[in-house]
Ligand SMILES: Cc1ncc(COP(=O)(O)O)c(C=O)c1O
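Take a look at this single chain in structure tokens; it is the form predicted alone.
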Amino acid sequence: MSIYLDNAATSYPKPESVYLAVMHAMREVGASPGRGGHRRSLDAGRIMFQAREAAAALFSVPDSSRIIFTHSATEALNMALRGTLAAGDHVVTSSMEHNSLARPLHLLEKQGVDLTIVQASTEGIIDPEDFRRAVTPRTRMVAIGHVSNVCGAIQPIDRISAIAREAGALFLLDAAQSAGSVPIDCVASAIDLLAVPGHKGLYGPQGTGLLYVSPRVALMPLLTGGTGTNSTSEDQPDSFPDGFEAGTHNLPGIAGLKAGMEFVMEQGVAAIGDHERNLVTYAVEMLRGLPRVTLHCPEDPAMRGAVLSFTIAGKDSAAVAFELDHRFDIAVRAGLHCAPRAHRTLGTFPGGTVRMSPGWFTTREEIAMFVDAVVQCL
């Protein structure tokens, strides 16, 4: 029996509706949105609009035109950062960030952006008061991840976004590990920029993602080129979303993402999150106390997302993951998970951890089999 516990990287399997939507866009539509006035192009445009509307509904965005489709959360984060920051600006972030946020910030720091990194606790949780002390009159942005991809720590984003708003700074949220399993209300949580992958908790295909941009943000495009609009001008349109989606859209991927978001809303974000976190809690209860096993996660279950990391004393994490895969056909991930500073914070650098991450389709029986396999690896 094959067990997939790497949903933090890419969710699998997808709902059947996602596979069907991708095929329909490829076989029955075929054309690109905004690149013609014929029926197939109009059908493609309709899919794009409906996908935008689904994303707006999912994240409580009043105007769906503020949703920009990207090929990943990484692209969305780069667009958010490079489209708003300039030399002399100050940014506050945390020690728990994924390289998708940390590396663009590091590059911008080399280009004159001032960066402050707030240290999280050894459980990976950020204290909002540390952000309050870090902001200055020059702070242009506060940028953090919602849920740690290493230890699953859920950050108190409402308190942090309030601090950013009080300081007159923009609030950028990386929702790579929370979109689809933790309710997100962009207005209520004062989120100015929301970066989301399509292929994780939204159950869309790889190569999809989105960026929400609030009306408070004056965004510069990351790419320029053909948009199908304003073709007489050599300047890039500044209208949303056209001016920020240069080039041919990934229509099959976006059609699949639309189906994935509709599936998430049908099941309910809270229900999906409860299911996944209950499975993590079950794994914690079974793994805790095993000889030589150390869990790296918040002690409070309410502060944990659908991610659990652990190490086994005397065993290399990569070797454990290899053994789980080849002996038991269980897919997990080992290493630094593209977040080296987070591992320094947790005390698991440079060896990293073994990470398991259940999804909506994971069962309690599969978690029990996973724990039994870990016991056999000791």
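All figures in this text were calculated on a predicted structure; none of them were measured in a lab. The first residue of the shown sequence is 1; numbering continues from there.
Although it is not shown, the form predicted in complex with this ligand is what the next lines describe.
A heavy atom within 4.5 Å of this ligand in the model of the complex is found for one listed residue only; from 176, 182, 79, 157, this is 176. Candidate site formed by 93, 116 and 161: none of these residues places a non-hydrogen atom within 4.5 angstroms of this ligand in the model of the complex. Among residues of the shown chain, residue 72 is one whose heavy atoms approach this ligand to within 4.5 Å in the model of the complex. The closest heavy atom approach of residue 304 to this ligand in the model of the complex falls outside 4.5 Å. For residue 277, no non-hydrogen atom is located within 4.5 Å of this ligand in the model of the complex, even though that partner is not displayed. This ligand is not shown here, and in the model of the complex it never comes within 4.5 Å of any heavy atom of residue 250. With the partner left out here, this ligand still marks one of 81 to 89, 263 to 271, 94 to 102, 281 to 289 in the model of the complex; by a 4.5 Å heavy atom cut-off that stretch is 94 to 102. Contacts with this ligand in the model of the complex, taken as any heavy atom within 4.5 Å, map within 183 to 218 to 197, 199, 200.
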